[in-house]
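Before any questions on how it binds or moves, here is one chain, the form predicted on its own, in structure tokens.
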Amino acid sequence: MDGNGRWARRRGLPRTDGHTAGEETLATIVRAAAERNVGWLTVFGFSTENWVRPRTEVRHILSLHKKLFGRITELNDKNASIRWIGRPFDEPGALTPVFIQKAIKKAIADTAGNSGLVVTVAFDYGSRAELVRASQIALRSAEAITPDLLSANMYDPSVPPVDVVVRTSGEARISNFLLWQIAGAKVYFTERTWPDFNASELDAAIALVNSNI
């Protein structure tokens, strides 16, 4: 979900306003995805590298994530459930604040009965860290290391292989996100910053899944 800062800068606004606009866009896209019967929507909310951003910006992003995980009524109305992937709270190096941990756990519990769209938020997440952890767990087992064994030890093994990766704001690269799960995925590139992303762009990304491009 790139481009929040650029969106704000082009309008002469503080970066925090861009993140606020981006959070609202995410709510819009979750609604659109649910209406289109999308099965899984996984979003890169906050990476393991984002902690080095200015403290005021990090605090603002954290407050937005608390709000995001608090949208229980809206998620239930759309029959959508919420999941989380990231460094486990009790493992060394994890930095997720307690108040975000509580919000995540409550959101997961309060939407667990829903059977529609699964919204997975990656928070304090880095794909390299995920892969290293899965490899370490696999090495401790008595089994030979196989792709299936590594898949079983990802943060959330139920996350299916990705059909399409959306890359906003003119970024033509793959970041440290779901590196294992996106093998073979289509990639949808758009010049729009994330706050300007809309349902029409979502439709274009979904259309790539069944295209021959």
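On a predicted model such as this, the values are computed, not experimentally measured, just so you know. Numbers follow the displayed sequence, beginning with 1.
Separately, the form predicted together with ligand FPP exists; it is not shown, and the next lines address it.
Each of 23, 50 and 64 places at least one heavy atom within 4.5 Å of ligand FPP in the predicted complex.
Among heavy atoms of residue 57, some come within 4.5 Å of ligand FPP in the predicted complex.
Looking at residue 178, you'd find every heavy atom of it more than 4.5 angstroms from ligand FPP in the predicted complex.
When contacts are judged by a 4.5 Å heavy atom cut-off, residue 206 does not count as touching ligand FPP in the predicted complex. Look at 149-157, 42-50, 28-36, 182-190: in the predicted complex, residues with non-hydrogen atoms within 4.5 angstroms of ligand FPP sit in 42-50. Within 4.5 angstroms of ligand FPP in the predicted complex, the stretch 4-38 places a non-hydrogen atom from each of 4, 5, 6, 15, 19, 22, 23, 26, taken in sequence order.
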